[in-house]
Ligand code: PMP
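Shown next as structure tokens: one chain only, the form predicted on its own.
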């Protein structure tokens, strides 16, 4: 049994005092295998990344094929690279016609940064409206529009001009005015515990932003690519944003993010001054090749509409006295318990029993379920039995 635990602690920066310390040596489908040969069912997909599961052949073949041709050639936007062009064409063909210009970056946080710059540059305004319990990333601008003070306060001062409101509270509309550059919102709040913005609220936001001349940004970094039962979560409400943010599942397991807008809006980054936004590795050709293969697989296997039926099965099987409610859409679910302590004990028991689940940054009393979209009925039934047993064990302790 070869272990790199010593190197992990001695050479790598740490993100928390208590990392999970799973030492994974292989992954296939929804299953991870550690260096002791123990198998785990992955019910969080690396936090909504591995929608196609692990080791998908079409994706790995695309990675190998592109790596044999070329990897990095030049900073983004200068050379014509087929993987970027083909993937952008594929994405825009699936979006409303107003979202026809893609800017590739490396991650969701970078997509947020680019979108905030774009909104300020296009409108000439500086005020931004975001929402409580929102998570948009941990870079400086993304942190500024985060909806929780605990993670923000150690890094202040942050970007000025940020107003925080409550989702689904239409009194927030009064804060959108002639000084507002943009409103940024998750159609389904990820780290807030999968709390959904209502169609009526999103429609009201859309109308007010249009009237005020502010840009509406939808952060679909967690919700995009079929996780909620539609290809994009904004489709549930029938409301189209001015800027769409993508990441996580976008790259098929490879690092990739994007912000997407209309060409008229996006053009302002290319001149006066040129290079108004620039990235070295954004849209890396290997990542874009993997991403195109992943999207083709998602569509070919019709995984998006199947997510809704799988959600119903999870809801039907997860019945327990300790569950207060189950929230969310598709395979982006939160199991709400009475308190944080109970939730974390259940998560710990699940891990011991080979089930990987998680909690939410801004809702630690709820347990995250975001399995790969490829999870099948047999696997759902198996993991639900283990989840119920974990709840029983904690309840009876």
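What you see is a predicted model, and the numbers here were worked out from it, not measured in a lab. Residue numbers count along the first chain shown, from 1.
One more form of this protein, predicted together with this ligand, exists but is not displayed; see below.
- For the residues 193, 251, 137, 282, the 4.5 Å heavy atom test against this ligand in the model of the complex is passed only by 137.
- Screening 205, 221, 294, 116 for any heavy atom within 4.5 Å of this ligand in the model of the complex leaves a single hit, 221.
- The closest heavy atom approach of residue 108 to this ligand in the model of the complex falls within 4.5 Å.
- Look at 128-136, 272-280, 234-242, 175-183: in the model of the complex, residues with non-hydrogen atoms within 4.5 angstroms of this ligand sit in 128-136.
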